[in-house]
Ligand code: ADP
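We begin with a single chain expressed as C-alpha cells, specifically the form predicted on its own.
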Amino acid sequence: MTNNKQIGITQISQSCAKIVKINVLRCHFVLAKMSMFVYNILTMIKLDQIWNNILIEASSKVPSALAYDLYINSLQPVGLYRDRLILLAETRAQKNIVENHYKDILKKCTNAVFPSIIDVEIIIEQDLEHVANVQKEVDIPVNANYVNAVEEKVNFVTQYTFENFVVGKSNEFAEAVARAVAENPGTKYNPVFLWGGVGLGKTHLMHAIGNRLQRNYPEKKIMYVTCDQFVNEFIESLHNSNDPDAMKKFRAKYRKIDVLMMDDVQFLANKEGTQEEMFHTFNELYLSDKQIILSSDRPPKEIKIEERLKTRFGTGIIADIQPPDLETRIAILQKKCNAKGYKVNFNVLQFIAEKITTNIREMEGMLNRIISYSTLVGGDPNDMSIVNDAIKDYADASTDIITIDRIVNATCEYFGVTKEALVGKKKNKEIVVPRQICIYLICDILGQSLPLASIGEYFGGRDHTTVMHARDKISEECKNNASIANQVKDIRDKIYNR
C-alpha cells in the first residue's frame, strides 16, 4: 500500500513537472510572440514616409477629391515637435480651411498610422521663425499592421499613369521607353535612366511604370525608393549595433527583388561608401536580369560618382525629358482640369502656360491656386481679374523674362559686389560664395535652357566641371546651412520681384 502511494506521488510529481515545463515553454513562446509584436511596433520610418503614408490614409477619408487636392495634398511637412506633426500651408486662407474643416480628419489619419503622434499643427510661412526646433528626419514607432502592409506592396500614386501623362516632342522618347519597360521588364531596356529638370514628369513616369507593373505582374517584387532613403538605410545598417544581421537584411531587401526603381540618384554624389554598395547591388540585379530604373536631374556623366558606376548607369538606355512647348503645356493643364472637374477656359490655361515655361509642377500649382482662390472668394476662375488677384504673389507671376543677366545683377546687388568681380577670375573668399550662389541660381532657374558650358563661358571661360562643382556645393549647403539657404531665398525673391 505504501509502495503504491509512493508510486502515485511520484507519478503526480512527474505530471506536475511536465505541466510546469509545458507552461514554461508556453510562456517562452508567448514572450517570443510578444517580442516580435513589440519589434513590429517599433519598426522605424522616416519623416517623408510619415507624411506620404498619412496622405494615402487621408485620400480616402476627405469627402471631396477637390478639397483633398486643394487643401490637404498641398500641405508640406515641416517636422515633428514632441507628439505633434507640424504642417506648412501655402496661405492663411488654406490654414484656416484645414483647421476648421479637415484637422480632425488629419489627426485621426495620423494617429491611425502613427499612434505616437497625437496632434497636428498647421502654420504658414510667417510662423516658421517662431517654430521651436523640430525633427526633420526622425525615427518614431509606427503601427505594425501598417508597416507590414507598406512592406508588402509599394504605394504608387494612383493618378500617375500613362493615361494621365501628356506626350509631346519634349518627352515622347522617354514615355515610349517607360511604356516598353513596364510591359516587358528586364528584357530589352535595362537599365533605364530617365533625366531632366525639376517638375518635368520624371516621377510621374516612374510611378506610371510602377502602376503598370503591379497590374501586369502582381507576383513581382518591386522596390521604389528615393536615393536619400537608400543612403539613410545603408548608414543605419552600418551603425546598427543592436542587430548583427542589419547589413545582411539591408542587402537582401534590395537584392532579392525583381524591379529596383530609384529616384534622384544624383544624391549619390560624394558618398563613396553608398556608391560601393550601389555598385554591388546594381551588379547583382543586372546579372540576374532584374529590371533597374533610375531617375536624375542630370545625365550619368555629369554626376559626381565613380566611373564604374557611371558606366553601368549608361549601359542601357538614357532618355531625357526637356521642358515642354506651349501646346504641350496647355494640353497638360487641360488634362488636369478634366481629371479634377475644373471648368477653366482655354484663354486662362494659355495664360498660365505662358507664365511658367520650365516646370510642370509649378504650372499645375498656379492652376490650383486660381481654383482655390476663386472658390474662397466666390468668383469665376475664368474672370481675368480673379486670375490676376490669385497669382499676384505667385513666384513666377512676373511677366519679365528671367535671363542670366537678371540673375547676375540681382546677386551683385544683394552682396554689394560688381559684375566684373563676380564673373571674373578672382578667388578671394568675399567673391567665391556669391559667385557659387549665382551659378547655382542660374542652373536652378534656367534649367536645361542654358548648357553648363555656356554658363562657364559667361563666368570668365570656366569649364563645365567648375560650374557643376558650384551648383552641387550650394545645393548641399542649402540643406545644411541656414545662412546660405536664406541668402539663396532672398536673391530668388529679388529675381522674381517678390
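For clarity, every value in this text was computed on a predicted model and none was experimentally measured. Quick note: we count residues from 1 along the sequence shown, nothing fancier.
Absent from the display: the form predicted in complex with the ligand. The rest refers to it.
K.L.:
Given the ligand in the predicted complex, answer whether the residues His204, Arg361 and Glu364 all have a heavy atom inside 4.5 Å of it.
P.N.:
The answer is yes; His204, Arg361 and Glu364 each reach the ligand.
K.L.:
Counting only non-hydrogen atoms, choose the one of 332-340, 78-86, 310-318, 279-287 that falls within 4.5 Å of the ligand in the predicted complex.
P.N.:
Correct option: 332-340.
K.L.:
Among Gly199, Pro300, Pro381, Gly186, which has at least one heavy atom within 4.5 Å of the ligand in the predicted complex?
P.N.:
Going through each option in turn, the one that passes is Gly199.
K.L.:
Heavy atom within 4.5 Å of the ligand in the predicted complex: which of Val231, Val166, Ile72, Ile371?
P.N.:
By the 4.5 Å criterion, the partner-contacting residue is Val166.
K.L.:
Heavy atoms within 4.5 Å of the ligand in the predicted complex: does Phe250 have any?
P.N.:
It does not: once the ligand is placed as it appears in the predicted complex, Phe250 has no heavy atom within 4.5 Å of it.
K.L.:
Check whether Asn171 has any heavy atom within 4.5 Å of a heavy atom of the ligand in the predicted complex, and answer yes or no.
P.N.:
Yes - in the predicted complex, heavy atoms of Asn171 and the ligand come within 4.5 Å of each other.
K.L.:
In the predicted complex, is there a heavy atom of the ligand that lies within 4.5 Å of any heavy atom of Tyr160, even though the partner is absent here?
P.N.:
Tyr160: yes, in contact with the ligand in the predicted complex.
K.L.:
With a shift of at least 3 angstroms, figure out whether the C-alpha spacing between Asn73 and Thr226 grows or shrinks in the predicted complex: closer or farther?
P.N.:
They are closer; the C-alpha distance drops by 3 Å or more in the predicted complex.
K.L.:
Given a change of 3 Å or more, say if the Cα atoms of Met261 and Asn73 sit closer or farther in the predicted complex than in this form.
P.N.:
Nearer in the predicted complex, by 3 Å or more.
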